[in-house]
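Here we start with a single chain on its own, the form predicted on its own, put down as C-alpha cells.
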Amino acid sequence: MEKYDAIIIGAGMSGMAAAIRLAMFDKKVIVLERHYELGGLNSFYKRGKRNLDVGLHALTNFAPKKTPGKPLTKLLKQLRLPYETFKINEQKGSQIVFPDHTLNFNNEIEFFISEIEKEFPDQVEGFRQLLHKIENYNETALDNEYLPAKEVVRHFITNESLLEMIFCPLLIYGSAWENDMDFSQFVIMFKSIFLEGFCRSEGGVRTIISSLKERMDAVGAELQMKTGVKEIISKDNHVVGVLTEKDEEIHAPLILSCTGFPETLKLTGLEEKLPRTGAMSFTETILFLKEKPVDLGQDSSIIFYNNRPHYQYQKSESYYDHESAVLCFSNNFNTDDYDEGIARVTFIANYDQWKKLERKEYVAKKKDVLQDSIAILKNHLPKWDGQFEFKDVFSPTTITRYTSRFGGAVYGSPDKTRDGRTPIDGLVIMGTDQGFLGIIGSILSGISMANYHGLQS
C-alpha cells in the first residue's frame, strides 16, 4: 500500500492543474481517473474519423500575451507554461438574439456598450455604473456572502429585456442556479465573457488537455486511468485515503476532488449531508458541414438564442427546450484549423425524463433533437440546405455516463464551497462546485485549492 502526500480524484482540468501545482513543490501526488480519457466535463473523443470536442464551446477569459493579473496569464504563470502553449485565437464576434432585440459583442467592452446604446439608449449610464461596480468587486474572495445577482443588477439596469439579455450568456455558461446566479459568480462570468472574452485553442480542447498532461509528466505527478474511487476513507473525521474500484487502498492526508460536491461526499458515506443535485443539464448536437459557416451566411462565433421575451434558464419541462439554444460555429475564430464546417447546438434539457427512456425511445428522441437543431441552424445559416456530412447527438444521460455527475448536472450543485472545505478535514472540493467557472476557471480552481490546502505551511 503506497502513501502519497495528496490524492486527486478525477483528471478534469482542475484535477490536472492541482496535480501539477503540488508536484512542482515536490509533493508526491497521484491522480485517479475512472474513465479512459482526460478532461472530465471538457473532453474530446473520436468518431467517424473526426475529432469532436465536448463541454464548453469556447474558452472565456481571453488575455493578450504579457497582460498582467488576468486569469489566463495567472494560471500560465502558476503552472509555468508559455503563453503560446494553448494556441489561443480570439473570437470574431458573438450575438445575443432575443425576439425584439439583438446585441452583438466581441472582446472589447466599448463595442458592447455601443450596442446597448443603439438598442437601449436610456440604460447606458446604468450599465456603466454596473461596470464600475463589477470592475471593483473581488469576486474570488472566499468569504463573500451569497447574493442573488438579479437583485443587485436591477439597481443599475431597469429594463428587464436588457437585464435578461445580459444574464443569458452568463447563466448558460456556468450557473447551477435556475434563472439567477450568485453575484460573485455573475461577476466572474461577466468579466470572463464581456470584459475579457471568447477565444478558442487551435486543435480544440485536446490542445489544453495535452499541454496539462505533458506538464504533469514533467513534474512527476502520477496518473492512473480507469481507476474509479469506491470509497473515501476517514478516521476521527480526517481523511486517510481511498479504496479504489479495484479494491486497492491508497493513503494520503489530503484528497482533492473534482468530481462534484455531492458526488464526493457520497463516497464518504455522509448521505445525510449531501448537497443538492443541480438541475441544469443539456443536449448537444454536433454537425460537420461541407461548407464553412461564413460561406453559408454566418460569421458569428457564438449565438445565444432565445425565442421568448424572458430567458427561461431552468430545467426543461419536456425532454429539452428548443425555444432557446447556444449555437457555436467553431470555424469563426481568428484561426480556422478545420477542413469542414462545424456547428454545435446546445439545448437545456431534463435529465429525469431522459433517464426513463427505453433504448428505442431514446434513439427516437435524439432524432427529434437533431431535427430541432437543424431547424434553428437553418434560421442562422441562410445559405444552408440542411445537409451535413456527419453528426453526433448526446443527452444528459451521456453526461452522467462519462463524468459520473449526478443528474447530468453540468454546472454541479447549487451548493458551492468557496474555500473547498467539506465536513471531513483534508477532503477538498475543486472545480465547478468550488465556484470557479469555465475551463480557465476550473484550472484556476485546481491551482487555488492546491495552494490553499496543500502548499500553505
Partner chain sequence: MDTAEVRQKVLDIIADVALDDDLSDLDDSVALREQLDLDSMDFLDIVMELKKRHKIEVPQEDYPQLASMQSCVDYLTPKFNQ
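On a predicted model such as this, the values are computed, not experimentally measured, just so you know. Numbering follows the first chain given and starts at 1.
Although it is not shown, the form predicted in complex with its partner chain is what the next lines describe.
In the predicted complex, Lys66 approaches its partner chain with a heavy atom inside 4.5 Å.
Residue contact with its partner chain in the predicted complex: Ile447 places a heavy atom within 4.5 Å of it. Its partner chain in the predicted complex is not approached by Leu195, whose heavy atoms all lie more than 4.5 angstroms from it. Heavy atoms of Leu81 reach within 4.5 Å of its partner chain in the predicted complex, making it an interface residue.
Note on contacts: among Lys292, Arg206, Lys191, Lys74, the single residue with a heavy atom within 4.5 Å of its partner chain in the predicted complex is Lys74. Of the candidate stretches 381-389, 82-90, 259-267, 294-302, only 82-90 contains residues with a heavy atom within 4.5 Å of its partner chain in the predicted complex. Scanning 19-33 for heavy atoms within 4.5 Å of its partner chain in the predicted complex gives Arg21, Met24, Phe25, Asp26 in sequence order.
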